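Take a look at this single chain, the form predicted alone, given in structure tokens.
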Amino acid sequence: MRIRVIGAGAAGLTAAFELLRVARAQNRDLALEIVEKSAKPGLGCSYFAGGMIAPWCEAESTEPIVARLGAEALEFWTQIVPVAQRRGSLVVARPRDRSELLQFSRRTSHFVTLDRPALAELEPDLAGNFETALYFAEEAHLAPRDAMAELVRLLAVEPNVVFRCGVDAADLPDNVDWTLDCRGFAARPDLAGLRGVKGEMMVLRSADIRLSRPVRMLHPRHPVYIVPRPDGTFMVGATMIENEERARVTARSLVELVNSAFALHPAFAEAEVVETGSDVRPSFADNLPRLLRKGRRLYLNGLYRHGFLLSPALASRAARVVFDDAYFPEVMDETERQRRAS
């Protein structure tokens, strides 16, 4: 079987990896082609992602399906492609925003509540600023660019995998058995209802603060998350703006991110700004993911701000659709059910 995967971000590379895994498990012949319009893999939304594998934290503002599918990512990123650190997630709020923390706790699960001494033991640099925290011990985080590089490495050593970068898939002949379209927002002309939600981020470097796990600070208007990176930097994100400008980072957003980081810890006021960036997250109206089948073309899209969290679950289901003609009603639409019924 010949399969073409279009798009080499988190969704596309994870889908390619799962296709290989299922083909190997079922002893199937597979020729896999990965096509990326950019010069190399991983330069889209995945490049600016936070990399938090936090299904239970995300349950605070999403439908339950996000936590259910996202929980599958913990095994994928810690055992199957072991690039994530399972150190948990922390959620904090300033004393004046204590009600935000209480509301968060009511909407989530899989956490324990820490008092100041317990928080000091877990993250000493935060103990002076917060009286309490929610600790989601089972969650994990990864460095997105390292994760993409590892997936590329694992795929590139396979003799039946070919990468085509700097190539527009529209210019290639339709000579494959299946196409997995993982282009994200670029697939908008083909997918009714797909919209873009802009996200901006920044990377800071400070030798005056140490964090071992992602920290979310709640705020009624400007919530923020900070994710420590292996190189000693911190990713600070992320805005959510209903527009479709990919590259422009606004001064207003940077001020909000810096102020929020400063509120988490004053040392961030003197941190070096290493990088800023933005891109457009592909989203449907309900912010839930989709597998949409059109003949022998399967679209994996709508991951919103949950690219690394939802890619493994969507990828494994996509592979089952391709090889086993499986149907997953939680992510496939009514059109597919009607097609099967007829």
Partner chain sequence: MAAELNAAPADDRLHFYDVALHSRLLVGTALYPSPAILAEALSASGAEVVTVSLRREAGGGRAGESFWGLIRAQNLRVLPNTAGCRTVKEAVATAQMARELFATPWIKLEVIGEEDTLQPDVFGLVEAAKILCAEGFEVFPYMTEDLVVAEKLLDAGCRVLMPWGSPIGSGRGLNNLFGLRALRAHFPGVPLVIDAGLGAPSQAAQAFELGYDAVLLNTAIARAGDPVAMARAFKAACEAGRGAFLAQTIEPRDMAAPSTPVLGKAFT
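Computed from a predicted model, the values in this text were never measured in an experiment. Numbering follows the first chain given and starts at 1.
The discussion below concerns the form predicted together with its partner chain, not included here.
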Every residue of Arg221, Glu242 and Arg248 near its partner chain in the model of the complex, heavy atom within 4.5 Å:
yes
Is Glu123 close enough to its partner chain in the model of the complex to count, meaning some heavy atom within 4.5 Å?
no
is_contact(Arg205, its partner chain) in the model of the complex, heavy atom dist at most 4.5 Å:
no
Quick one: does Thr179 come within 4.5 Å of its partner chain in the model of the complex, counting heavy atoms only?
no
May I ask you to check whether Glu60 falls inside a 4.5 Å heavy atom distance of its partner chain in the model of the complex?
yes
Considering its partner chain in the model of the complex, which of Thr113, Asn160, Asn129, Gln103 comes within 4.5 Å of it through any heavy atom?
Gln103
Could you work out which of Glu138, Asp190, Asp146, Glu256 is the residue within 4.5 angstroms of its partner chain in the model of the complex, going by heavy atoms?
Glu256
Have a look at 69-77, 228-236, 261-269, 92-100 and name the one stretch with heavy atoms inside 4.5 Å of its partner chain in the model of the complex.
92-100
Residues in 105-125 that come within 4.5 Å of its partner chain in the model of the complex by at least one heavy atom, in order, are Arg107
